[in-house]
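For reference, the chain that follows is the form predicted alone, supplied as structure tokens.
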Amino acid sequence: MSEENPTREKILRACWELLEGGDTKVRMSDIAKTAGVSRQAVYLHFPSRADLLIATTRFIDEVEKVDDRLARSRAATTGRERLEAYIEAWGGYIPRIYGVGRAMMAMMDGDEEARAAWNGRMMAMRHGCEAAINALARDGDLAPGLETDDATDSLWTLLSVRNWEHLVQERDWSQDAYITEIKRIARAAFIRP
């Protein structure tokens, strides 16, 4: 965390807190008020809303120890283990970044910087999907007829934030039910019977 700049950290925490529920209409002034700083202080640290959202996603990664969450997947010795561990890691992380992610997705049409940041994050997530699919292929466990690129794209789509949103937010699935069902679908779709 940022002991060198406590004001910056207060702003990031306030942004995260306010966006956590998925409200995309949070204003910079709302963030300033929650952080206990002036609006000018927010703009001094983050010249644009996109800058603030990008910094907040990185802050969340740091606080939530995203690398630790991914460690089990990265250390898996089989493709089957890696697939399941990755689904648990990413699927379990979506609720932590959902509010900021939703705000970034809402900005994408009109803000190139927000679009690039969100797309970069989603490409990093796709790399995790690719690693799991490649591990299945390496083990000879990838379902017959699947190409690794197509399987990677399919897994990436299955694990999208929007799909999580539809199931958990709109259909009221529990987080555990979501993880269980996504793992079941992934096993059926990607693993050789």
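The first residue of the sequence shown is number 1, and the count goes up from there. Note that the structure is predicted; figures quoted are calculated from it, not measured.
Although it is not shown, the form predicted together with another copy of the chain is what the next lines describe.
Visitor: Heavy atoms, 4.5 Å, another copy of the chain in the predicted bound form: which of 159-167, 43-51, 26-34, 56-64 makes the cut? Say which one.
Guide: Among the candidates, contact is made by 159-167.
Visitor: Taking any heavy atom pair closer than or equal to 4.5 Å as contact, tell me whether Trp16 reaches another copy of the chain in the predicted bound form.
Guide: No - in the predicted bound form, heavy atoms of Trp16 and another copy of the chain never come within 4.5 Å of each other.
Visitor: Is Arg121 near another copy of the chain? Define near as a heavy atom within 4.5 Å, in the predicted bound form.
Guide: The answer is no: Arg121 has no heavy atom within 4.5 Å of another copy of the chain.
Visitor: I'd like to know whether Arg102 contacts another copy of the chain in the predicted bound form, with contact meaning heavy atoms within 4.5 angstroms.
Guide: Contact with another copy of the chain, yes.
Visitor: Taking 4.5 angstroms as the cut-off for heavy atoms, does Ala71 touch another copy of the chain in the predicted bound form?
Guide: Close contact is absent here: in the predicted bound form, Ala71 is far from another copy of the chain, nothing within 4.5 Å, heavy atoms only.
Visitor: Has each of Glu88, Asp139 and Lys183 got a heavy atom lying within 4.5 angstroms of another copy of the chain in the predicted bound form?
Guide: No, none of Glu88, Asp139 and Lys183 comes within 4.5 Å of another copy of the chain in the predicted bound form.
Visitor: For 171-193: residues with a non-hydrogen atom within 4.5 angstroms of another copy of the chain in the predicted bound form?
Guide: The stretch touches the partner through Arg171, Trp173, Glu181, Arg184, Ile185, Ala188, Ala189, Phe190.
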